[in-house]
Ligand code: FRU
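The chain that follows stands alone, in the form predicted alone, written as structure tokens.
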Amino acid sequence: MKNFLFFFTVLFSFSVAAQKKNDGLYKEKYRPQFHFTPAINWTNDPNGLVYYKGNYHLFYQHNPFGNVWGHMSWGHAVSKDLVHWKHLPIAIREENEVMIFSGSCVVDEKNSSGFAKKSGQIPMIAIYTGHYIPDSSKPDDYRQAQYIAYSLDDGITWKKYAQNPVLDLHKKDFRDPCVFWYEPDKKWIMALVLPQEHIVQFYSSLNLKNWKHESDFGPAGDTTDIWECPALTKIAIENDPGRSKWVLFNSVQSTMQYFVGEFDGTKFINEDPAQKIYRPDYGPDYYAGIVYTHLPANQKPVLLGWANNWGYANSIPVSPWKSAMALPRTLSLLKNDNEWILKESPVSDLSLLRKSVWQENVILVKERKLLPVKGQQLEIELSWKPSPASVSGLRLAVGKSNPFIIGYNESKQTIFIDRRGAGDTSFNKRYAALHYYEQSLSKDNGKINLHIFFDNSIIEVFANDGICVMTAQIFPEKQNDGIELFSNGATNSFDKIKVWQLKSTW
């Protein structure tokens, strides 16, 4: 009876959400219009990213009952283009004191799991961390193990494996499986983390049910906080046809890092300098990024992350939803002075959202210049050659409060963002404190090139073709919609700027 009531409540909540959509949902203050958000209630990590039969599946950590973290289940949506999304019912729900934590999804084309019983059936398998709390009065007394569920109708309905868990070390913290097919050895590979030990473990399996430990990677890179959400994928090297490297991502509580090297089906070897930390995003609001599996052979890998920060995620001033996904990013690699650098580009179909465009080719700026275009739902391309000893760039959400600043410090050779006072900061002291981020960035043929997306409460900055990316949330009043160029210390000539108004995907 308890399970029936749970399931009924979940379905009811989704039907209410669908009914209310035309009565105001996706029109709320701060609601992103081209980033994915659930219709209502909480979300965090993306899960189970898989492409199958023309659909990009997005499963995600979701609380069906409230607008803060809790009751973790897998929400579900699909897209044809990674831009427009269709909501589906809850895929895998919490029950029997087991919450459904993060994980992945694969297409078991050879039916190695044996779940398909009819000719032509191809199982989709979800591999996730079961977070078991035997006594709800002691929420910190939990245990984590790896579970599986399967779907025989292309991901619409799911059944949990009767003999779960399939991998259990009897540990408190042991989570976030990333699973993919390793063709050279004809086996499944699972990467997951021991968070406190800063270790990624690799396991192999022939059937997704029985797993063998292969190797460990770590500690390495950033070990200042717990590790979570590993993802391992092969990424092509630009300007070197046919060559690729393996990239291992993991999250570090409020940020992410990546390692580039080789994987032989057993162990991962990092080839970047061990003392240097590389991040897919240098802003405050990008976490738990993982990659799509089962993509078409000619498609670049796609990374999708959560656009929030655990330091204040439950407090952001939005309702009836809470949190969003960042834009999906296609990935490639560059070799620069014996370092492998990740290059990220927003998916190309975002250009289909473009409406009117304003552009200028040469704008001279000394101190500041307000542009004759406004908005908080924008795409911007900007290029300039910074003058010596100057600090220059772009300000968004210009109005009665502080703007959001995207700048380049020529003397320090750094790009920075500053959201100090750019809208509401009163909801959380941690959010207010985390306002300034900078990162070293060399000019590209003497220029800085920015590709910026502003979506009401989320700003993503792709610098110099995506070799440096920064994501941040802001919560400005609607009337704070001005855009201005600035140049301190010297006059700067901005040689290209385009500003597109963007349509909503909802």
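Residues carry their position along the shown sequence, with the first being 1. Every value quoted in this text rests on a predicted model; they were computed, and no experiment measured them.
The protein also exists as the form predicted together with ligand FRU; that form is not presented, and the subsequent description refers to it.
- Just one listed stretch, out of 25 to 33, 445 to 453, 51 to 59, 38 to 46, contacts ligand FRU in the model of the complex at the 4.5 Å heavy atom level, and that stretch is 38 to 46.
- Among heavy atoms of Tyr286, none comes within 4.5 Å of ligand FRU in the model of the complex.
- Although the partner is absent here, Phe268 lies well away from ligand FRU in the model of the complex, with no heavy atom inside 4.5 Å.
- Interface membership of His76, defined by any non-hydrogen atom within 4.5 Å of ligand FRU in the model of the complex, is ruled out.
- Under a 4.5 angstroms non-hydrogen atom cutoff, ligand FRU in the model of the complex lacks Arg329 among its neighbouring residues.
- Note on the partner interface in the model of the complex: the residue among Ala397, Leu303, Ala126, Cys229 having a heavy atom within 4.5 angstroms of ligand FRU is Cys229.
- Phe101 is the sole member of Phe404, Tyr431, Phe115, Phe101 with a non-hydrogen atom within 4.5 Å of ligand FRU in the model of the complex.
- Applying a 4.5 Å heavy atom cutoff to ligand FRU in the model of the complex picks out Gln61, Trp69, Met72 from 53 to 75, in order along the sequence.
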